[in-house]
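Have a look below at one chain only, the form predicted on its own, in structure tokens format.
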């Protein structure tokens, strides 16, 4: 069984927390940026600009050979799809970061029609200087999300895939989620021996994120 890592969850604004200082070299950002429905004061166009700006900030605040990873599900707005992978990629490009991989996580079995949100989620990894050799590749399609403690959570199996990558191919030993919600990524990171830092605006969710436990299958 893996040794559990430490966990600290701050209650506050994740963007302001990120702006305070660049992160140490052994820290990686793994997060899911809020949807426009969670930031109605910005308006739809304002939210799109905010999303790109925060993606850029996240990529800038990690060290050159560290990574920023985004877990994002597209939404439909006024009959049009909003491609969050594109928005995150624009921010990463502005930060001078390159895409190391772009995975698709299945939210529903192939062939199923969904409404409002697609049957897949994007999982994207960016770095300024880290590069992966062909032999370091991993599956591009993840067939299951895994456990989700709430509707907006990152799927536990997707979080597990991220932890496997971080441990195998980066110097990361602390995962930072500035929009941690109930803390799924933090809990999975802890189960795999990584330390975790979360930031959550909601006091109630921040308290829950400090206590969340996720069961993972034993490694084969």
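Treat the numbers as computed from the prediction; the structure is a model and nothing was measured. Positions refer to the first chain, counted from 1.
FYI, the form predicted together with a small molecule isn't displayed, but the following is about it.
With the partner omitted here, the residue from 153, 67, 163, 187 that has a non-hydrogen atom within 4.5 angstroms of the small molecule in the predicted bound form is 153. Three-residue candidate spot 60, 99 and 170; no residue lies within 4.5 angstroms of the small molecule in the predicted bound form by any non-hydrogen atom. Residue 9 falls outside the set of residues with a heavy atom inside 4.5 Å of the small molecule in the predicted bound form. Put simply, residue 28 is far from the small molecule in the predicted bound form: not one heavy atom of it is within 4.5 Å.
The small molecule is not drawn, but in the predicted bound form it has a heavy atom within 4.5 Å of residue 180. Contact between residue 158 and the small molecule in the predicted bound form is not found at the 4.5 Å heavy atom cutoff.
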